[in-house]
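First comes one chain, alone, set out as structure tokens in the form predicted on its own.
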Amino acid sequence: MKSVNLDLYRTMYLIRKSEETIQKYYAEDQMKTPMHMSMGEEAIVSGVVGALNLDDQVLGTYRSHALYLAKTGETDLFFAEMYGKVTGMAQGKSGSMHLSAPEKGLLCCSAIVASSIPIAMGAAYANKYQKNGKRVAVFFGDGATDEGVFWETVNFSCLKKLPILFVCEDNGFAVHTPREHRHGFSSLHKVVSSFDCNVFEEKSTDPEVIYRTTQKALSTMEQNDKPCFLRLHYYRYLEHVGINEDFDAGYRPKGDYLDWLKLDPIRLQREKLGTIGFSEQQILELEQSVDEQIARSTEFAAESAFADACELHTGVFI
């Protein structure tokens, strides 16, 4: 388990430092894409993806940085895409919100709320039909549970007993609107439990806890041949879209943020590494390797060319 803890920390540190780098350079206005940042949710993505097999498939939302980095571990294509360069994973055309890496199992991310959920169901159906053993995990915010397609997908997935994990990254808000102003029921957990699926809920910011919860979910799904719903709580550190805080908007008090910051997943996991036998030097060497990787990638992105105009007509369905 020690190696798993180190891997979880490396993934979270990669996500956090990549986004801090975006914050550092975004004001230069060379990254034209809107940014939906992942700060605060690193433990969820790292824990779930860490528990999956390499060939398992994932899909996500417009808040896609963490999922892409956790599934691929690479930053060259990532930062080139942020800069809109031809060397990016989509030749600079996807921007921040539509990251994908099908060869690594990240099928797609989408800027339309809940739109990746039925696609994930289709992938899970195909996997079951082909009997290839692949599982699918689809990540979405709690705002997506307000969409009819979420409930339709859960219903069909339960009916067909599909190998799919619904991963609800619940920060309590749909943009600025709290759940109590959106839900005509008291417990999302209880409502989903009325379907024929396995339901798990976790409020910990410890990635190892989420890793183990996901392992349990996958094991349970294999045993009883039912989909899983994971409701995992976190606090979004920054504004809904952008690189800044937004507490002056008045929809959430900064005190809540300060309380969650005491449970910051990066800091807690770093401290844990020290208690299970890793030296400060080992941790620093890991962090330095990630820092150097990101520095090389941002330099690569800045020096890369923009796509030719003809690229506008490639990869277009109609």
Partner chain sequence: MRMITYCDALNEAMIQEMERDSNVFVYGIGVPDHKKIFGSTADLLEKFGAERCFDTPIAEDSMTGLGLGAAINGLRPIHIHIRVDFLLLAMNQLANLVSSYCYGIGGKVGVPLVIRAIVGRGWGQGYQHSKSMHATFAHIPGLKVICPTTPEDAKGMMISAIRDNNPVLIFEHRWLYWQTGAVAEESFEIPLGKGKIVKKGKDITIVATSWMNVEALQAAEILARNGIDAEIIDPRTIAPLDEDIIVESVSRTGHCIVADNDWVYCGFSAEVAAMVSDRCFGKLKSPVKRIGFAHTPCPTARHLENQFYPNAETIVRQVENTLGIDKIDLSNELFYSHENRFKGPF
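All values reported here derive from a predicted model rather than from experimental measurement. Positions refer to the first chain, counted from 1.
As for the form predicted together with its partner chain, it is not shown, yet the points below apply to it.
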Revision key, fill the gap. Of the candidate stretches 68-76, 223-231, 209-217, 109-117, the one with residues having heavy atoms within 4.5 Å of its partner chain in the predicted complex is 109-117
Point to revise | 4.5 Å heavy atom contact, residue 307 to its partner chain in the predicted complex | key: yes
Check your understanding: Taking the shortest heavy atom distance, is residue 31 within 4.5 Å of its partner chain in the predicted complex?
Key -> yes
Review point. Would residue 91 count as touching its partner chain in the predicted complex under a 4.5 Å heavy atom rule?
Key: yes
**Study point:** Contact test in the predicted complex: residue 276 vs its partner chain, heavy atoms, 4.5 Å
**Key:** no
Revision key, fill the gap. Note: exactly one of 201, 196, 147, 245 sits with a heavy atom within 4.5 Å of its partner chain in the predicted complex, namely 147
Point to revise | in the predicted complex, the residue from 161, 104, 182, 189 that sits within 4.5 Å of its partner chain by heavy atoms | key: 182
Check your understanding: Looking at its partner chain in the predicted complex, which residues in 236-260 have at least one heavy atom within 4.5 Å of it?
Key -> 249, 251
